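Here you get one chain, nothing else, as structure tokens; it is the form predicted on its own.
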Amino acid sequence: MDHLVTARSMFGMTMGFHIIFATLGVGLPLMILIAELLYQKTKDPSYNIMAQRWIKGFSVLLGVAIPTGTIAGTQLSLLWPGFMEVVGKVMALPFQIEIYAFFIEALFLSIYVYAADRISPFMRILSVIFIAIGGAASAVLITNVHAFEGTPAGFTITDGNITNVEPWAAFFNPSFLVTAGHVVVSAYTTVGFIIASVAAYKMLRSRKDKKVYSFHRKALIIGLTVGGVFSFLTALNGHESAQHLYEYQPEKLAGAEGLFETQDHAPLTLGGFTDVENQEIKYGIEFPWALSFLAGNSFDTTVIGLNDFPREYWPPLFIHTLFNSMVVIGGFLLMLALAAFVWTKFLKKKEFPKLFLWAFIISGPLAVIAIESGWIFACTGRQPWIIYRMMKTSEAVTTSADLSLLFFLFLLVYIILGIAVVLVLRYYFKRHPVSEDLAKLNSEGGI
């Protein structure tokens, strides 16, 4: 591969692997908190069992998120020294504050894991709240560096020198709130549907065991509720994100929709692929005027097309497919949660048919695909810039050779880590099935 492509592929592979565990690290504490609150309110021990089982899984996943995050930080310095020079002088605040966020998360995780049965209910809940705050804060702070890349602020580059540095202006760059909101609500959405996916699978396998089936049904309802609420919030935040692209990165929005000519009443196209030669989206479904409304809340909003920008500023046009993946999957997840709500609350049905359960099962993997598509879209759609309109990616890349060898070594590391985490989780939960916890509950009157 080309040197620049190899560097981008290596870092993209690292982030693509890390983002799965980072997302779970943000979302799972909320699920544990909800289970803990339900347990303290209802005294139903099933919710206590959920919280204790989920915290075990969270601990294993955090054990992978930490080293992969460390690798990502190392690769930033290794692969992008030009960018890190700017970060060191302008945007170091998020990295510094993130240390404290991680400290809070790790401290209260230790308290909850090792002392949950010896502390008061208030302290149990408080511990999980701080775990959730620490996890969300870590994600927000690190993602803020990405927001800064798309909407840089707080400095200028004059004759190659960084001047007029204002760290807080860089920290609170124009995309900070939108990006911070998106990373949190999308993580909660994803984890909600992952919990629902696992619970639905277990329900299919435990129909004959009413107690186990009931346990997983409760987990399913929690997952669908969290996933449904936050998928709606993700959709609202996505609309705001599109308006930020319209204002700050218009060629990225045009590339996402394959819009070549500037126009008002611009259509939004789902599906299909971008035909650069004929400058159109082939085989897509077109919604008239929808892109203009998405961009500016008005059907007559003028959306700038790709042809108004130099060709070298165009992002890779396959980002149309990535954008479509997010929109279609997000819409499906929202409709699925709404259908489940109607089924249980309005139609008063207590059991889900197999078709519903299979839809829930695929919702978790689809949510992960949406997260991956969104991350790749965000980073690839910014190309050719590493700092938008200030520094090109090619200007920031390392001059070190032999990146191909490092690429395959890191790939090997991620394969080993991926296999290890699956085996550890399978081993633990196979040796400690839900039926065993429920049996202890019946025989001892508690856990």
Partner chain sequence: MADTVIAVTLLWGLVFIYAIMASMDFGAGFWSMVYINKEKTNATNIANRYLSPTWEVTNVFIVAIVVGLFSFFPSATFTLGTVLLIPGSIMLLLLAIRSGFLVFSHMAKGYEKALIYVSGVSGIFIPALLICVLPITHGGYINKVNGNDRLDLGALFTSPNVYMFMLFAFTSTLFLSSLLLTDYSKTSDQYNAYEVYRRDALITGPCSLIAGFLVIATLRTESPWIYNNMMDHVWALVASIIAFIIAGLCLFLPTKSRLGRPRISVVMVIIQYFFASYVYGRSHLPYMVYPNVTLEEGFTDPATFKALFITYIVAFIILFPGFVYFWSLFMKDRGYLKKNFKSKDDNDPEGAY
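Quick caveat: nothing in here was measured; it's all calculated off a predicted structure. Residue numbers count along the first chain shown, from 1.
The form predicted in complex with its partner chain exists for this protein as well; it is not shown, and the discussion that follows is about that form.
**Q** If you check in the model of the complex, is residue 56 within 4.5 Å of its partner chain, heavy atoms only?
**A** Heavy-atom contact with its partner chain at 4.5 Å: present for residue 56.
**Q** Using the partner position in the model of the complex, report whether residue 88 sits within 4.5 Å of its partner chain, counting heavy atoms only.
**A** Contact with its partner chain, yes.
**Q** Is residue 403 a contact residue for its partner chain in the model of the complex, using a 4.5 Å heavy atom cut-off?
**A** Although its partner chain is absent here, residue 403 would touch it in the model of the complex, with heavy atoms inside 4.5 Å.
**Q** Could you confirm whether residue 421 comes within 4.5 Å of its partner chain in the model of the complex, counting heavy atoms only?
**A** Yes, residue 421 is a contact residue.
**Q** Assess the spot marked by 290, 353 and 355: is its partner chain within 4.5 Å of a heavy atom from every one of these residues in the model of the complex?
**A** Contact check failed for every one of 290, 353 and 355.
**Q** Picking from 71-79, 176-184, 356-364, 198-206, which part of the chain touches its partner chain in the model of the complex when contact means heavy atoms within 4.5 Å?
**A** Contact criterion met by 71-79 only.
**Q** Go through 107, 376, 339, 233 and name the one with a heavy atom inside 4.5 Å of its partner chain in the model of the complex.
**A** Spelling it out, the residue with a heavy atom inside the cut-off is 107.
**Q** Go through 102, 172, 248, 314 and name the one with a heavy atom inside 4.5 Å of its partner chain in the model of the complex.
**A** Exactly one listed residue reaches within 4.5 Å, namely 102.
**Q** Taking only heavy atoms into account, state which residues of 117-140 are within 4.5 Å of its partner chain in the model of the complex, ordered by sequence.
**A** Heavy-atom contacts to its partner chain in the model of the complex: 117, 118, 119, 123.
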